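Single chain ahead, by itself, as structure tokens, in the form predicted alone.
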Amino acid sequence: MSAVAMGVISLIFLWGFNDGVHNTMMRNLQEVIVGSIQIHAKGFFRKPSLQDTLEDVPSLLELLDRMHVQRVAPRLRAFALAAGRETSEGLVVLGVDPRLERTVTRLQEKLDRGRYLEEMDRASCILGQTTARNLGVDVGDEIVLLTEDRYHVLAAEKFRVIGIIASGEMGIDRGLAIIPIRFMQAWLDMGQQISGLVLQLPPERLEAVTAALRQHLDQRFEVLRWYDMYPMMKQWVELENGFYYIFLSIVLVIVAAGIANTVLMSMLDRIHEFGVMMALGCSRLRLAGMIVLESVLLGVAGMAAGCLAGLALVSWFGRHGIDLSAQMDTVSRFYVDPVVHTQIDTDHLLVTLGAVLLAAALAAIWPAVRVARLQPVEAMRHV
């Protein structure tokens, strides 16, 4: 029982650490910049263009309201050349609504200095720290953004830097300028047009809302989940889960070997008793079933103790966290927090417990076969 319990504790804690890291990565990716779902004009994500704007936005917002999706924000996206004091750099200009953007992302929490955008801001911008350093500017300085408007006419504007973001993620810290969407619409002659909508959802609603939107919207729109836009993150999570399943298999072999050894020794110690039972009319199948039941009960008892202890361990570290900041200097670029809070997904917990129970049953097969092959007379003479 102790061996089974220790194996279960180890597996649950490792799954808790693994799921804690992965869930944080996926949550941070969505909450920092991407959102859970983005709705664009068809083909916009692969080839952004100011001409491919989102149509019938009021009807879209009404549909989302009926689906009880409350955290929605508009965005306008363009490419521009930014000029600083002595250098220039190409970047993405992202127009956001300062109030609504706060409901779908946590960009304001990544500010290293300065302040976030406000409703009344006009020609103001926020830069990533790498972009600011490359351009040689800081909070209070000015940059010039040169791009094309909706009609392919060159448009230049001077912006004052009001904030610097230091997220640790290269896609944000370099190559991105965030400006008020209303000013961007006027600057690029866009009217009220936007490039897309960003939605923030709980993980359990992601698939259902995506399916409903794709069912209701026609071919003019594309509805992309976060992992449709950035599949590398999900593939990395699936790859790491694959390694954990390999480790799970190794631990299960060790657990099964321990149970099999215990049951086999117990069976060998009772050969005389088994011979007497067979002589009194007990069937071989019933004896074999008794051995299997003993093994399963042993596994269940160890699994129950290990599950309680493992979940308590995951819960404790889930509240207090595991501080790995000293060993994870650059981990923020992968959207991982330096303090890992353990949490275990229900499916991983059920797979682990089911696998341990299966291993306990399989471990009894050989001892059960040995019992079924006993001859009553020889067994009763065994000492």
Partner chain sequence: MAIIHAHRLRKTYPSGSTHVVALDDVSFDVQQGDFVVIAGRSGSGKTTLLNMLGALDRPDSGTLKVAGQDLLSMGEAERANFRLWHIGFVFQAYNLIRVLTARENVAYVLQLQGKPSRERLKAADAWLAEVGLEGMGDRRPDQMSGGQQQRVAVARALAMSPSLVLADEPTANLDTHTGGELIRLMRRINEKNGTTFVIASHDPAVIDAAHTLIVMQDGRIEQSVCRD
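Remember, predicted model here, so these are calculated numbers, not experimental data. Positions refer to the first chain, counted from 1.
Missing here is the form predicted in complex with the partner chain; even so, the following discussion is about that form.
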| query | finding |
| --- | --- |
| Position in contact with the partner chain when the complex is considered in the model of the complex, options V253, L297, A279, V153, heavy atoms within 4.5 Å | A279 |
| Listed range touching the partner chain, judged in the model of the complex by heavy atoms within 4.5 Å, from 78 to 86, 239 to 247, 103 to 111, 284 to 292 | 284 to 292 |
| Contact of R182 with the partner chain in the model of the complex (heavy atom, 4.5 Å) | no |
| 4.5 Å heavy atom contact, M380 and the partner chain in the model of the complex | yes |
| 4.5 angstroms heavy atom contact with the partner chain in the model of the complex for E273 | yes |
| 4.5 Å heavy atom contact, D269 to the partner chain in the model of the complex | yes |
